[in-house]
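Presented as structure tokens, the chain that follows is alone, the form predicted alone.
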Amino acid sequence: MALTLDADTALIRDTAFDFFAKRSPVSALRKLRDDKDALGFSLPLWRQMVELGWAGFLVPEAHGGSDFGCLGLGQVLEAAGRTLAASPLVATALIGASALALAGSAAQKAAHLPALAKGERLVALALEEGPHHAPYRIATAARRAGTGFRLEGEKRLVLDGHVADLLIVAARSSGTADERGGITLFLVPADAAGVARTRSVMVDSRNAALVRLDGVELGEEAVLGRVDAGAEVLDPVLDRARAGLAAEMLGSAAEAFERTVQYLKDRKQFGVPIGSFQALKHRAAAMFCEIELARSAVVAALAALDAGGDEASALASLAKAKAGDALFLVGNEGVQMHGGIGMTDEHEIGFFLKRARVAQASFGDGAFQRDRYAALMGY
């Protein structure tokens, strides 16, 4: 498997790095946080991303997208990670587009994918019900009601849930909690009767929401995929989510590392740069190695997802685990090596540590991914 980028993907990468560096520096996230922005992201910035075609990278050409693939979108997410840019890229362009493209009926694709590619529809996956990632631990009930279903339950940590126009809700239509079978996915308009959304701001200043479903009535046409077979859709969608988020974490780790190395060159003690001290050189070298290992894992996972290879699921978990470990290490080391100033809110290095904590936990932390990788490899 090639771990290099072709000319088109490299151009996307260069464009995205330049875009976020100039139009969405870390100071933009700070402003969104301090202003308590109602959306949690810049709508004008999102529209510019849409104009560049990024919202439609996973949308088929027949529905207004470019079908450029996961590797291309991964370059955009890595660039966004370098500046901690808040946007609907993960929730809508990655997860929402994947779910609709992979499992949507002809009518569902026609109704939602063109609007998604145009940036006119935001989508959120309402999956988690507890404090830790457990994709099959679903208690939200989907009971038959006439010719349709009635949903009752509560979802936590729904990324961009308070601003989404469309919710993809995982509910249990049969079986018991933790069973892989018996899960059904539903397309739920966010303004449907019985849907209540409460915004919560995470420690990394990103959006999440608590979504309550109180007797939400849906027709048979709201089912995404097949009844009781939602896991068949969730698994490949979550693979894409994990690999895409790993790409974003890779960007954050690389940026935090570069900032830290620059500080080691600039900060002087005893008349010499502290980067000349052997102990700090060793720690910097360890960070560099972890980032490069994560980079290989991320590219391999994204490429495998595009190719539809049998190893894609295992590589997605490997990439998420490695990128999470790398960002955790670099986030911690970055704050420590900056010393006292690194602990202050005025300095931006701390933003990377906070993002590391949330990104690591999203869609499964390192322990979850290593356990899943081992199971997929037959252990």
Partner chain sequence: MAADAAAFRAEARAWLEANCPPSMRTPMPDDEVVWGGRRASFKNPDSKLWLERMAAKGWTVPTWPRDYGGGGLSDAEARILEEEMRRLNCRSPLQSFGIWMLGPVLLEFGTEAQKAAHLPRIARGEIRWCQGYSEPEAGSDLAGLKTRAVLQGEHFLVNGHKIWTSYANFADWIFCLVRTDPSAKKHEGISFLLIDMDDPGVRTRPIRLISGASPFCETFIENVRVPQENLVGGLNNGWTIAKKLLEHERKMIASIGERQRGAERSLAALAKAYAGERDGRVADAVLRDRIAQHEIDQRAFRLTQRRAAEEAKSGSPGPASAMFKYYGTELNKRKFELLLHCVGTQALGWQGDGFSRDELRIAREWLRSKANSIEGGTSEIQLNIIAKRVLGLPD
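Positions refer to the first chain, counted from 1. Remember, predicted model here, so these are calculated numbers, not experimental data.
In what follows, reference is made to the form predicted in complex with its partner chain, a form of this protein that is not presented.
Of the candidate stretches 131-139, 91-99, 255-263, 206-214, only 255-263 contains residues with a heavy atom within 4.5 Å of its partner chain in the predicted complex. Though the partner is left out of this view, residue 300 does reach within 4.5 Å of its partner chain in the predicted complex, counting heavy atoms only.
In the predicted complex, none of the heavy atoms of residue 145 sits within 4.5 Å of a heavy atom of its partner chain. At the 4.5 Å threshold, heavy atoms of residue 153 stay clear of its partner chain in the predicted complex, well away from it. Contact annotation for residue 119: none of its heavy atoms lies within 4.5 Å of its partner chain in the predicted complex.
For the candidate spot formed by 290, 321 and 374, every residue has a non-hydrogen atom within 4.5 angstroms of its partner chain in the predicted complex. Among the residues 345, 34, 311, 51, the one placing a heavy atom within 4.5 Å of its partner chain in the predicted complex is 311.
This chain is drawn without its partner chain; in the predicted complex, the residue among 307, 192, 285, 177 with a heavy atom within 4.5 Å of it is 285.
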